[in-house]
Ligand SMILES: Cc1cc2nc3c(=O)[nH]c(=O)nc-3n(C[C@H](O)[C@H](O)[C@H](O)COP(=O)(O)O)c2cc1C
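Consider the single chain below, provided in structure tokens and representing the form predicted on its own.
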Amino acid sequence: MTAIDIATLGEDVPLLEAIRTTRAIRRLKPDPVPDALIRKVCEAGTFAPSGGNRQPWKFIAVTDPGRRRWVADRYRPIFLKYIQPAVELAEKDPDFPERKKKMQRAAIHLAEHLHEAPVHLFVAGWTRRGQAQDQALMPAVMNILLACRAVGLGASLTTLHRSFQKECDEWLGLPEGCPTTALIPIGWPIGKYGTPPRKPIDEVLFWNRFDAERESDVRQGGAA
């Protein structure tokens, strides 16, 4: 892929279409991703809003195979232990939704093949008054996910690395006061983007005041 291709790639994808079809892609090919393309999606992250335009974000793209395996070896056992109760529930419950089983299988696949994902993109940011700025960093993460969708890369958001965050942040060379918030595995997708299942907008949109009675009916399955 040439520099010219990367410069124009994804520029014609309609915004609302990208928003509606940016689902988590957890099955990734091991094929390398050009550095220039990672630079492009990270640049999209820098256009996110932040309070006072502080722009606290830092992006660390881990592409070295040995370093990716270091992350994967720590991530895998934590995730498999975390998801095991849900897997057991799915196996016992004959009415457990198939779409949720599919999500479980995809998440397990990512954990077991994380070392193969060609890019582990960590999003970190300077704290403010001693507090992590997740509220500033998550819009940048969303911009990156949308940019990945636009250029044809697969990506998903995980924060499970926070289970070994101190060790991970030191290993990444991050200074005190600049912790990681998110890990985004990125690569060429196995499968394709599409519209994820979502509740109808009229179930979650209220006008002027929250309607507790309507919400109760929805939760009980008595109203659309």
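Numbers follow the displayed sequence, beginning with 1. Being a predicted model, the structure only gives us computed values, none of them experimental.
The protein also exists as the form predicted together with this ligand; that form is not presented, and the subsequent description refers to it.
Residues with any non-hydrogen atom within 4.5 angstroms of this ligand in the predicted bound form fall in just one of 154-162, 171-179, 29-37, 43-51: 154-162. For the three marked residues, P65, A150 and W188, no heavy atom of any sits within 4.5 Å of this ligand in the predicted bound form. Although the partner is absent here, F122 is not a contact residue: none of its heavy atoms lies within 4.5 angstroms of this ligand in the predicted bound form.
Remark: A107 counts among the residues lining this ligand in the predicted bound form, judged by a heavy atom distance of 4.5 Å or less. At a distance threshold of 4.5 angstroms between non-hydrogen atoms, K199 is out of contact with this ligand in the predicted bound form. With a 4.5 Å cutoff on heavy atoms, R214 does not count as touching this ligand in the predicted bound form; it lies far away. Interface residues of 47-73, taken as those with a heavy atom within 4.5 Å of this ligand in the predicted bound form (partner not displayed), are absent.
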